[in-house]
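Just the one chain here, the form predicted on its own, laid out as structure tokens.
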């Protein structure tokens, strides 16, 4: 098996080794498969490991590379796929007990694109049930159990792309596909110390992926570096079968494309009013990251998110659209099989909203989108911490306190995940430090709708002058347990 250091290399580095025949796609796939089988189950990171398919795809890539035929940057490169994306012949469980035996006999568009690119599927990544579409209260809300953080298995990875974050952080695959409706790539990337890109709405097809909210769902990559995320996005972008796709001239993502990136000095807006409360260590790490960017030539100045009910509009949009998306599950009473008590009841409560309520929210949404868009007349990217807190401990839920009696946290009306998700903005989270107890900290960059190049460029600039993304967890106790 290949050395662990090899398995943490970037996609470009792995591809260079494959082209030099330092090792073969089959050797690479077997090494990730072995690591996934030994460590993945201890982290609850996978639903299914697709060993037979992985080896078949790796052998095909090996034959092509030996023959001098190269399909592109992902040829022979393994990956994992969040288990809400359909793969023909394999379960697609949506992380939920009612769908534990579901098989969709077709491939999602992103899978077809990755097959055409010669990528190698290692497995289906664990996730929060229904990606949190009907609500959830903790990391135990998953068919495969709570996903454990490789940096500290007593902590959670965050949801809903919980397995995707753990897989990349633990070196079980060089990258994984996640989904993000309201922060489900940004949060696990932040807590797991990896790079996670949520593309602009409409950039990547959702055809063949589970729906939570048609007007907010996005698929995007989680990887070792921001550059990796750019490479992956260039392969998976666009599909006309998704009616919400951007027009082809806008949706295709050419990378690298220096002429599409912001000109230096990069104009960075430091958001000063987005969190009700932020951990001091998180704030200090994000501040130091901005100093790094300034030393690299960026121009950083304060920015304020405009006032408005961004979070409320985002949450209500998700609740109402999810009640429609999961109508069959709700009508059948199968919600009772969900693990989380909030998920068991939330769909029924959401039915109380009317069509008039939904239309009024969307009218407000348009106004909010226009207000945010004006910020980007002054800035190429906006920035703040990836999350306001550290990875949280996994606490076994009890039945003593019903969900409605739990103490509610104050609404954060300008929380960046809600704002950028509601408004269809691209965002990327990358590691920028560690807490005193060794947990990863992250900074995120948010761009104007459609300007995915700007967020990748900002994160890549930071990573070219820092090495936090090169730090990896010590998994020795898991490997020998």
Partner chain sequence: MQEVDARFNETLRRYGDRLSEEQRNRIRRVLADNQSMLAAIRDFPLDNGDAPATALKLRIEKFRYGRIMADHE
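Residue numbers count along the first chain shown, from 1. All figures in this text were calculated on a predicted structure; none of them were measured in a lab.
Note that the form predicted in complex with the partner chain isn't included here; everything after this is about it.
Residue 313: touches the partner chain in the predicted complex, heavy atom cutoff 4.5 angstroms: Looking in the predicted complex, residue contacts with the partner chain include residue 313, since a heavy atom lies within 4.5 Å.
Can residue 449 be called a contact residue for the partner chain in the predicted complex at 4.5 Å between heavy atoms? Within the cut-off, so yes.
May I ask you to check whether residue 363 falls inside a 4.5 Å heavy atom distance of the partner chain in the predicted complex? It does: once the partner chain is placed as it appears in the predicted complex, residue 363 has a heavy atom within 4.5 Å of it.
At the 4.5 Å heavy atom threshold, is residue 106 in contact with the partner chain in the predicted complex? Because no heavy atom of residue 106 falls inside 4.5 Å of the partner chain in the predicted complex, the answer is no.
67, 112 and 144: each with a heavy atom within 4.5 Å of the partner chain in the predicted complex? Not one of the three qualifies.
Counting only non-hydrogen atoms, which stretch in 186 to 194, 169 to 177, 123 to 131, 351 to 359 is within 4.5 Å of the partner chain in the predicted complex? Stretch with heavy atoms near the partner: 351 to 359.
Scan 279, 288, 294, 250 and let me know which has any heavy atom within 4.5 Å of the partner chain in the predicted complex. That would be 250.
Among the candidates 272, 215, 102, 392, the residue which, in the predicted complex, approaches the partner chain to within 4.5 Å (heavy atoms): Partner contact (heavy atom, 4.5 Å) among the options: 215.
Would you give me the residues of 264 to 282 that have any heavy atom within 4.5 Å of the partner chain in the predicted complex, in order from first to last? Result: 265, 267.
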